[in-house]
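For reference, the chain that follows is the form predicted alone, supplied as structure tokens.
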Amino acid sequence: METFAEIFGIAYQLFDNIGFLVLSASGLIIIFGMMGVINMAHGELMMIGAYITAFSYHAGIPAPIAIIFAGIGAGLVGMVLERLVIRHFYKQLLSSLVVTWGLSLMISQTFLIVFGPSILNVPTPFGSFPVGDQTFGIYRMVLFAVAVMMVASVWAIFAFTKFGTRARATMENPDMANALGVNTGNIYALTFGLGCALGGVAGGMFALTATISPFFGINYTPLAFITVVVGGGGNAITGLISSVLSLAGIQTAVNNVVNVYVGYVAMFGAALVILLALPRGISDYLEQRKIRVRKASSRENSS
């Protein structure tokens, strides 16, 4: 029984780390990986989602609906920011970094002025269950399940819908897409809004596990960026999954061998090593490898 409890504990930690990284990075993978914008305000959009969730919950709205409101609210804020500011800095990485960093400061300071430094809380639902001598929170598994559904939903949207087809065409060649009748301005706004909405949902989910303040997003932006950069921009979904599995696996292993703090350091170190070996990220390497295999296969068939 003790051996089973230890194995279950390790698996639980792995799923928890995977869920945390996926929720943190899923919105950013669209904005950075597809749109070429370094959105330093990603954490503040998560913070907006957390505040919407907290206020909605304390107004008597059930937590799942409050989290949906969080996604809608953050998505609308993102679309407004895209219309007013972001659309002037597409494909300008350094400029978008500086501008969105300024936006992040403005948003957090505005929330500090309006709501003050007070901390909000939303109770964590579902309780816990025992395995051996340890207890495990059920909500952590809910986070993992939502993370899986979020990845599947994003993949389905971009693979099987008209919007997804037009979005992929716009990001790849906006001039050609515009010539074919696609309203690229609206596509950019909707795509950016979708990424922000996913960030808002993530913030709403995390609001049930952490205290909420105007500096809520600071805890999530660095890990989200590391996950996205390690994944690369070759394929957003492949990059996200491969990056999350690599980083979460290393963090979980080191957590159990040493401790949690060393686990975080090991994860950052692993990200550094991966980027030194694959500067453009894991998904770019996998896409290039596919191309080389296809070319080699076509040469063999032609000969």
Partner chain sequence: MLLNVTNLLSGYGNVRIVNDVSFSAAPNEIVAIIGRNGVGKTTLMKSLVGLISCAGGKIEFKSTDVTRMSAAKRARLGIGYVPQGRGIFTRLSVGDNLRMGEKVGNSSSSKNFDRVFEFFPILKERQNQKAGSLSGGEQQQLSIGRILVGSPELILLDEPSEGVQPNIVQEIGRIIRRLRDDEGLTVVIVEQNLDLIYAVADRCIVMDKGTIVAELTANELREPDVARRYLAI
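What you see is a predicted model; the values in this text were computed from it and never measured. Positions refer to the first chain, counted from 1.
There is another form of the same protein, the form predicted together with its partner chain; it is not shown, and what comes next is about it.
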Of 79, 86, 177, 122, the only residue with a heavy atom within 4.5 Å of its partner chain in the predicted bound form is 177
Which of 97, 169, 131, 141 has a heavy atom within 4.5 Å of its partner chain in the predicted bound form?
-> 169
Partner contact for residue 91 in the predicted bound form: its partner chain, 4.5 angstroms, heavy atom = no
With a 4.5 Å heavy atom cut-off, would you call residue 234 a contact of its partner chain in the predicted bound form?
-> yes
Taking heavy atoms only, is residue 211 within 4.5 angstroms of its partner chain in the predicted bound form?
-> no
Decide whether residue 109 counts as a contact residue for its partner chain in the predicted bound form under a heavy atom distance cut-off of 4.5 Å.
-> no
Which of these stretches, 222 to 230, 159 to 167, 133 to 141, 68 to 76, has heavy atoms within 4.5 Å of its partner chain in the predicted bound form?
-> 159 to 167
